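A single chain comes next, written as structure tokens; it is the form predicted on its own.
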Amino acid sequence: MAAFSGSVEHELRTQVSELLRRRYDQPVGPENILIKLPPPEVAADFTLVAFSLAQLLQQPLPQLAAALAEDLKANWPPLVSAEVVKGFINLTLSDAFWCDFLEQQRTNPTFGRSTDRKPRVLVEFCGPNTNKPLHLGHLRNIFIGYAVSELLQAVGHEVVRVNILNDRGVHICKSMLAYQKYGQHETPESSGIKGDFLVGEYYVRFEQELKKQMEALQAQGLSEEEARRQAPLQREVQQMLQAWEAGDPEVRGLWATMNNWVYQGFAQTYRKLGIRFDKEYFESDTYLKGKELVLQGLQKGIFYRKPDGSVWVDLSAEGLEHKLLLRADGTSVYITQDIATALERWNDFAPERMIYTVASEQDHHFKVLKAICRRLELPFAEGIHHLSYGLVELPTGRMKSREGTVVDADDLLEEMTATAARYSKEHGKATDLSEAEQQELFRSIGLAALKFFILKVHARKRMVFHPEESIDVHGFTGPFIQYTHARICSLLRKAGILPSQPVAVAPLHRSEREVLRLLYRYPATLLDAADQLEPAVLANYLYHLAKTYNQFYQELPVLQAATDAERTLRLHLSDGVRQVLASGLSLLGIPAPQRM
């Protein structure tokens, strides 16, 4: 049996480089040799691109491709055919090679994951305000940030997962002021309302009452902008913010109480989502530190002060604008706080990169942050990376927190579990499970539907979430991949103990070979997804693998295979797919149930 070396591409590039050197007496480095996966309609395992080689060596393309194909067949044992199609050489490897690959893959419990140690990376995700519950927009952020963290760790990075809580500012004071006026001392315990939901209700209440005041003022002839400025609630909330910044004990006490309600509520949601953070940072801890950094930059001449006392930076040399860093009254702005938070994280963990999972609306903000950190010559400046993603909407349109039209994360999770239960019962699924097992399965399916539907879309794209579409076990969905995993588990249970004998060399059917090709691509897929910081690469791969396996399952008998060798190979092939599906789903934060 031909030995599987671990990377066909690496071995093939080395072979081609040496063969070209021998034939043309010119060095062609392996990095100049392009190998691709052929499209599905091409019955080959790999494609060698000859165009660039002909240009590099200044040789006629047809002659070079034909000669290289012949040299490979004569000198590279795993190869059984090399077909020249215009500027491409389609390569087919031996059944012995693929059988050996399967044997090594099935005996490697960490297949796909890298053992190489790579630099530490910090990933920020979630980033909620403490004036409302987590909602659908937060979920896209959390799912992307969590999956990117898992992918980076899978390929060898040490990963630090952090959260930033926006726990101060006028938006927080809005909830506090409304609670002071209308709360009547209710608590999460007395009301039976989860803490973050309770605080969120007062945020909406503030906006509702402010709107009434503004409408009354506009009826007196004031413009909308002037009505907002003169509305009593708007003035009171600004006074509360000033009192908070002055350290007023009563205001600070209410702030701490209401924030703690929110933190407890967030913790419950995090547990439902199966996520964790290594450290949480609080905006209230860093806004003064940011002010100190700006004043230091001012002393060094990096920033400048305007006549009104405000502090700015001129970033026109970087193609950006003049940016405010401190207001005329000395208070900080978001960018000021972000500088301080980044420095604190560097001091805590010294990561090579700091990846910020934040919506694309903040693309400009992070360009400015990086430019300012460069000006300050901070050691982490070049490692700042904005993982930008598009907004997620519902079929009814964009959500608005202040109008109370958002879809809260907890409500959506409950709805997805209920949808999974309804779908499963309508289709006669999970009928052999106990009530408790069914409820756990429905929760698992609902979570998979939600996460996969969001993660399969490339992060930069805006998207619309369709709950019913996401749950279909026959569609491009997380439940479809879960169902494939459960189907394989059922097959293996029926087979009993997996054959102990190794995979023997046997003629491979086309559908077996297609599954093997995809299994082979798993390590490269993880590397690609981690390099791009793009979970959609893995999500789409898992769907393609599950779909291809199901085609194999429909075409070829497994338990009733014609020979013991075929039965053994197909059982091990099925188990290999099961392992990769379970591994890949776990990186996306999706459970892989054994029964459905």
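In this text, the rigid core denotes the largest set of C-alpha atoms whose superposition between the two forms falls within 1.5 Å. Note that the structure is a prediction, hence the values are computed from the model and not measured. Quick note: we count residues from 1 along the sequence shown, nothing fancier.
One more form of this protein exists, namely the form predicted in complex with the RNA; it is left out here, but the text below deals with it.
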| property | result |
| --- | --- |
| Segment assignment from 345-353, 370-378, 194-202, 86-94: heavy atom within 4.5 Å of the RNA in the model of the complex | 86-94 |
| Triplet R120, R443 and Q501 all within 4.5 Å of the RNA in the model of the complex via a heavy atom | no |
| Candidate from D285, E361, E292, E186 lying within 4.5 Å of the RNA in the model of the complex - any heavy atom | E361 |
| Listed residue that, although the RNA is not shown, lies within 4.5 Å of it in the model of the complex (heavy atoms), from L298, L222, A82, L324 | L324 |
| Proximity of P39 to the RNA in the model of the complex, heavy atoms at 4.5 Å | yes |
| is_contact(T257, the RNA) in the model of the complex, heavy atom dist at most 4.5 Å | no |
| Interface membership of W76, the RNA in the model of the complex, 4.5 Å heavy atom rule | no |
| W261 within 4.5 Å of the RNA in the model of the complex, heavy atoms | no |
| Residues in 38-70 with any heavy atom within 4.5 Å of the RNA in the model of the complex | P38, P39, E41, V42, T47, V49, F51, S52, Q55 |
| S470 C-alpha shift between the shown form and the other one of 2 Å or more, rigid core reference | yes |
| Rigid core superposed: L61 CA moves 2 Å or more between the shown form and the other one | yes |
